[in-house]
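In the block that follows, a single chain appears as structure tokens, in the form predicted on its own.
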């Protein structure tokens, strides 16, 4: 299904931490409903204004009954600083859903014990992942790592079997890396989103234990539909694939080798 471009209305915009925001908006196009692991591009400025490109942000939560969508994002550059200025009632350009996310029906059918792993703002798409897995009858174990302060964790308690947190500073939870919180050998599959170095390490450990691993990659994107090849990643077979179109979710053995 091709992405749709609509004018979305801000329902709420909450500051979670100094650099973390939670944007909730009305997505008016019921025929283009997102699923776990997909993303939208957001634009809160004119077509002739900088920055030139819209900003790709993953779906944190989707409520089909109310047609509301949530984006948990980090304010880190010019585009996200402009998005952060949006207030309740404002409108902005929302295009999507885009990309190939996690195939939850297939994962839930094939695997019965799943670990959901996230690092930093890479935890954002994993909430919808966990919700859809739980709805499919497979409550996962959730393991998240943060630098210092965890955020948006409480809602996982009702949809996950286990929820564990690590921090780099030891301020909250386990003092260390998120990969130290679980053993891939205890799981049928591991789903990961976070910093590339963390995902590579997690994928390596999964490979050593023989556990299937699926990763959600992040790359700077331009078109969002695979036409410009700006977000191409190298694959094991030597073929370049677009993170925005072929991904962002890949089998870890395909992109980390």
Partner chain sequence: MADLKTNLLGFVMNSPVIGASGTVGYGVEYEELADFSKIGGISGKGLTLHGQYGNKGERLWETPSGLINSIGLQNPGVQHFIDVELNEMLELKQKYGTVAIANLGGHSEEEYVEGAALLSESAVDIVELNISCPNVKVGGMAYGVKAEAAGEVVRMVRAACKKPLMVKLSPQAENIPEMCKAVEAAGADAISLTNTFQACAIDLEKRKPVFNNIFAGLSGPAVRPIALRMVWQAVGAVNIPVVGLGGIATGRDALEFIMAGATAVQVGAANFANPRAMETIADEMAQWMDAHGVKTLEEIRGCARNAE
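Positions refer to the first chain, counted from 1. Since the structure is predicted, the reported quantities are computational estimates derived from the model, not experimental observations.
One more form of this protein should be noted, the form predicted in complex with the partner chain, which is absent from this view; the next part is about it.
Of the candidate stretches 45 to 53, 185 to 193, 65 to 73, 207 to 215, only 45 to 53 has residues whose heavy atoms lie within 4.5 Å of the partner chain in the model of the complex. Using a 4.5 angstroms threshold between heavy atoms, residue 18 stays clear of the partner chain in the model of the complex.
Taking the partner from elsewhere, residue 233 is found to have a heavy atom lying within 4.5 Å of the partner chain in the model of the complex. Among residues of the shown chain, residue 3 is one whose heavy atoms approach the partner chain to within 4.5 Å in the model of the complex. Proximity of residue 220 to the partner chain in the model of the complex: non-hydrogen atoms within 4.5 Å are present. Using a 4.5 Å cut-off to the partner chain in the model of the complex, each of 228, 239 and 245 places a heavy atom inside that distance. Scanning 80 to 96 for heavy atoms within 4.5 Å of the partner chain in the model of the complex gives 93, 95 in sequence order.
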